[in-house]
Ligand code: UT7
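Consider the single chain below, provided in structure tokens and representing the form predicted alone.
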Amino acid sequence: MIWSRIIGTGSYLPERVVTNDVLAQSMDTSDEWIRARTGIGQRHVAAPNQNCSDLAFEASKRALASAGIAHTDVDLIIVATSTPDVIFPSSACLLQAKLGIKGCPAFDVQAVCSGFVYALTIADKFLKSGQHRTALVVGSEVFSHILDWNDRSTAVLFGDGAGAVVLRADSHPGIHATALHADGAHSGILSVPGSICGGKVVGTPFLQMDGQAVFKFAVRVLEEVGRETLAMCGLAVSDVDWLIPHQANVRILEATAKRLGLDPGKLIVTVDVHANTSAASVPLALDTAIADGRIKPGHKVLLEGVGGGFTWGAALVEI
């Protein structure tokens, strides 16, 4: 049987760091107010000339180096993003060109904050088909482009960044199971309800969110999909070494771990320094915890995402 394994990880954060105190200089907020409600202390913000594929390129180079393979070994590229460079071509195609790769499939996945889990699941199935051997899976976002920086209820929550993994076909399990879901009936509680028609923006190009509704929905489905994924593997919560949920809000992360009955010490948290980087948050947190030595070979890691759509999913990965 063919399995897929993560053989390399990489990440990239823009140089500019915006602390809560900096935001407090331009809007009615404070470091105390933001930390108490979100756990966020700072976020990275892309330069005006940095786009999704630029961040993805830097993270991808580091993932390939971590995997110890050449760019020519990659035969599938999937980029998860809600903030692509342009309407088309896809950011995946732009990334492909920047990496100097030609001919392999390259496409974007749009599942908002669940995007990386969706993309990882798709890549896993491609590799298990036997038609592909090495996949580059990236979550990359520049949410600073779609924020109303006068709205403290949303602007303080998000940051920019990219995370990438290299998946390689293997005879031993890496990704044990995945589960994906969506329910468009909840689309109104988190969205950017704008579009372009006749050269003009129709609707609003800024992110809008019902925070309380998102919190309740997210905690419920993250518990459900986590248990579903573990059941598919015949494993219990106690078998999980680390939990990496989408890094949206520290209260959501802690509530998810509590509902799963997971030791809080097994929860990976990076939202305090990265803020919510949407599709980039899970691979960023994964790379951070591997780099600092917490996640080691053989560890079982439960990755979870939930985002606008609404979409949600999970993957049980053995490193």
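Quick caveat, the model's predicted, so the values are computed rather than measured. Sequential numbering from 1, following the sequence displayed.
The form predicted in complex with the named molecule exists for this protein as well; it is not shown, and the discussion that follows is about that form.
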Requested in this report: May I ask you to check whether Arg35 falls inside a 4.5 Å heavy atom distance of the named molecule in the predicted complex?
Outcome: no
Query raised in the report: Does Asn249 reach the named molecule in the predicted complex if we count a contact as any heavy atom within 4.5 Å?
Result: yes
Query raised in the report: Taking heavy atoms and a 4.5 Å cut-off, does Asn276 contact the named molecule in the predicted complex?
Result: yes
Query raised in the report: Does any heavy atom of Cys113 come within 4.5 Å of a heavy atom of the named molecule in the predicted complex?
Result: yes
**Report entry** Answer range among 132 to 140, 228 to 236, 211 to 219, 100 to 108 for contact with the named molecule, defined in the predicted complex as heavy atoms within 4.5 Å
**Finding:** 211 to 219
Query raised in the report: Of the residues Leu147, Leu157, Leu94, Val192, which one places a heavy atom within 4.5 Å of the named molecule in the predicted complex?
Result: Leu157
